[in-house]
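Next up: just one chain, as structure tokens, the form predicted alone.
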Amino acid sequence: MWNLARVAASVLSRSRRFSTAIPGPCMVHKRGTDILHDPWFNKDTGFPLTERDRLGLRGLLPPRVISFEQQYARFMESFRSLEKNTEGQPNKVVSLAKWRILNRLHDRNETLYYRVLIDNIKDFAPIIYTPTVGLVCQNYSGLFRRPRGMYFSAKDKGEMMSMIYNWPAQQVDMIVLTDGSRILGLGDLGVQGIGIPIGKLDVYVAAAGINPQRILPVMLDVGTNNQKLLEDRLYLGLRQPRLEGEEYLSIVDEFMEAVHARWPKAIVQFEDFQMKWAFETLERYRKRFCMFNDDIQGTAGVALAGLLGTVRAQGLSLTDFADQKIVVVGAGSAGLGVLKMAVQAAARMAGNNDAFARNKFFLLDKDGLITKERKNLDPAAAPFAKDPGDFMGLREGASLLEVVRKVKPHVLLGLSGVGGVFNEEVLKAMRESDSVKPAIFAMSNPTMNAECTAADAFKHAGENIVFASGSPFENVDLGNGKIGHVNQANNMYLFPGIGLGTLLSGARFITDGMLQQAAEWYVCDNCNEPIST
């Protein structure tokens, strides 16, 4: 099967080439303790004596000069020691301990921090990003030590144009923005959602070579409807219900105008907005600013690449994707984004037959199969609602188990945010799939929200499946020397490339077609089979 990790490896190799280039001189206008307290410039005990004299550091550091390489080795030794000392402790405790030691390094020495990430991305991505970042966001107010990024709140209305100039960097290339309303599958975490933009931008630096001095994580605090947070004495955000309607949009409008005024070429990635605002803001800004919504477009691109890779793994022609029956569980921004892009690709492969393509997709939410009989049908889901009885008599609200048994899908794709929704019965029903190698994608994050584990998928659905997950799982030992391989279908394998590609190309806007073509091109890399007309 086409492995999504190849994307990360490809982008990472480029970032390493960038990072090993001989740097030009760095102009430092600070002196003394101001340098030691600035993680952009601080080299800890690595300052040579000549620099200590020039920068007013002599006497402020221990006399021994410890090289960058020695500091690197010392940190890695400390990290491995932490791993050893926390063996057997609860995963939550271990994960937060690992995050803390990396965060302390980030606060102190960014050059060393990013070198550690780049060289150990496989080990550290699960700590700075999925799945640990969800745990960090849940506990962020208690973990907070020093600010990172910028915070724009409802109280700042009318002031954002001046506030944007408080950020010290003269140029910003990448901004990741969230309003904290739908953090992963954890719901409304308010201002604590800032952990998501921070983690995403760390991946941009480590995997795409983006200059860490030209990134900006942003929290747009418009309140929270999470009563537990509102009653938490440590909560750092506004203690008020979320703004709605035009009042909400006016805040986002003002922020986007302020960003564009100072950094007109900056890319803004919208992250973890609740569904109604995810679609609304995407359509509102996509033709005015260089922006994209990672939950809608990024997830769709990753999922499409995985779906096309599955067709290859089944030994079929990529054009056979149009004949794949796909059940999508989850009608939020991610699920609908995947459906839209996948239907577009299938329709084109079926000779631009949109109706034929839509007939192959089945969308379910918490109330079961979505049909045109659904009361209060969400307009965003309406294009994918089935006509009642148009396929084996499936009714409105049919359960997942019923749909899987009757449809016998080639692919079962989960973006529901409901842990364990692919239960034993559902997975066993996938054994009757019309595919000789059915696919099960459990893409929800964090780990506890995954629709099923890799072990359960191989145990109940059979050994001859394609499995992909949003959170990392270990490969599964199937016995007799066989291994059940786990592919990770996470936006991490796409959004660094979106940002890097947009910056290098100078594109003014990011379109669905760009993401779709990238997914299709990569799967078809090194083959002579055209899949687009």
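Note that residue numbering follows the sequence shown and begins at 1. The structure displayed is predicted, hence computed values, not measured ones.
The same protein also exists as the form predicted together with a small molecule; that form is not shown, yet it is the one meant from here on.
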> Does Gly185 reach the small molecule in the predicted complex if we count a contact as any heavy atom within 4.5 Å?
Replying inline: yes
> Contact between Glu110 and the small molecule in the predicted complex at 4.5 Å, heavy atoms?
Replying inline: no
>> So in the predicted complex, is the small molecule close enough to Leu494 to count as touching (4.5 Å, heavy atoms)?
In response: no
>> Pro409 versus the small molecule, in the predicted complex: is there a non-hydrogen atom within 4.5 Å?
In response: no
> Would Met275, Gly335 and Met443 all count as contacting the small molecule in the predicted complex, using a 4.5 Å heavy atom cut-off?
Replying inline: yes
> Just one of Gly417, Gly223, Pro438, Pro197 has a heavy atom within 4.5 angstroms of the small molecule in the predicted complex, so which one?
Replying inline: Gly417
> Pick from Leu364, Leu307, Val191, Ile267: which has a non-hydrogen atom within 4.5 Å of the small molecule in the predicted complex?
Replying inline: Leu364
> Which of 251-259, 119-127, 409-417, 74-82 has heavy atoms within 4.5 Å of the small molecule in the predicted complex?
Replying inline: 409-417
